[in-house]
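Presented as structure tokens, the chain that follows is alone, the form predicted alone.
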């Protein structure tokens, strides 16, 4: 396949124009083309009138001729197909591998293991997706929380109730395999070419269920409402796992519990394993009118039907810390994401259409091991304390209401909330609060400095009507379980730390890729038992 990049067209140009430009730049005769399509589409709005920037993929009737056209221009390159094959090893694995957690990491690890004939057992502390959706909707309507069935726990993991973003910076060839798998299970075709692909929480649910059904069809077992409660070891090697359904013989455990499995982290530490602190971030959800964000990004062209919903990603270093936006959800809503009673957590979510009135994004400040003396228990306790404060500050709005404040009020430390054009979307209701008082003073001041810098980057970011809702505490896992080059825990053979909860990913794509890496390591060593 030939990729022709950096084709810049006006908003009024048709897609066919991009194809014509690609053939001209690459000097490809039209008659040699077997297929073409838009591989990537982005918007360049840096210089007034926005431009659409295309990458066009061209496949020739004779693929052997493609290298001859690859050097026609610096914008033309040859891209081979992702060849992801795994050869099983020779050592017999006499019991099924076990996967802890059915988020993206566990799901893709289980899928590869199943395709390679290992018939894995997948443990998920929460319910299947249909029941999980009912539990989330019930919590949203009543404030009655199920600690094992919520936005953090259940089939699909925390990413199921998000924007379904697939953007990543890892640059691994396995990203292509993840995309192809999602497409095969019903994800929208556009994720193959959009610069910032997203599935949307509404469509992602069906994709996740479809992948799980493939695992089951290949002989894998998925045990819902089953938590990992202990590890059995002998001579530094894993021999079995304890669960709420009993003990299972196990020599290979994919440990992918997600970033909120605090009781599971505690179990590991009580088992004698050492976890280390890793950086994470805390802050708020910022809401603006989507139309105002697009005016700032697209200027006079805002609202043009050829333009995608406006997105932003901002960062600002303030002293030794970084204030940045995370998980921006165009046309989305702020959702109640608690997984423990008496604590409030916020997150953002969008449906595929991104048709909501508001834009929201996490605005967070980094913290690290040095803030907690390198003690992972203190890091987890810090998260919990912030969530408890948020719960108490939001109680006036009802159970699991959230504290909220206008951005201008936060900058001035006034603790006021005046609702105008920006209507808060947090589903359990909001109560006016002094958000700055909920965080350590240094972090509040750092966030204020970051927000003032954002106003210089996006006009109106700190407009009086914009709203902050708190607190956002689950940006990533606060802990890491160390693994070696063989992907096994450095303290216990047979234990394979995996994904975001174990400290090795951040988002759907990178977690899925890490799951594939772990499964590949297991497959490359072992051969599945017969029957």
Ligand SMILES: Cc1cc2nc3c(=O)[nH]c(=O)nc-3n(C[C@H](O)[C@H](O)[C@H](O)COP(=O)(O)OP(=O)(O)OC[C@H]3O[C@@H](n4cnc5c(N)ncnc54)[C@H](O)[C@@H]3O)c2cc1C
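The structure presented is a predicted model; accordingly, all values stated were derived computationally and were not measured. Positions refer to the first chain, counted from 1.
The form predicted together with this ligand exists for this protein as well; it is not shown, and the discussion that follows is about that form.
Checking 332, 97, 164, 283 against this ligand in the predicted complex, a heavy atom within 4.5 Å turns up for just one residue: 164. Between the options 438, 261, 231, 178, the residue in contact with this ligand in the predicted complex by a heavy atom within 4.5 angstroms is 261. Look at 205 to 213, 105 to 113, 358 to 366, 297 to 305: in the predicted complex, residues with non-hydrogen atoms within 4.5 angstroms of this ligand sit in 105 to 113. This ligand in the predicted complex is not approached by residue 478, whose heavy atoms all lie more than 4.5 angstroms from it.
Among residues of the shown chain, residue 151 is one whose heavy atoms approach this ligand to within 4.5 Å in the predicted complex. Proximity of residue 518 to this ligand in the predicted complex: non-hydrogen atoms within 4.5 Å are absent; the residue sits far from the partner. Although the partner is absent here, residue 290 lies well away from this ligand in the predicted complex, with no heavy atom inside 4.5 Å. Of all the residues from 338 to 356, those having a non-hydrogen atom no more than 4.5 Å from this ligand in the predicted complex are 347, 348.
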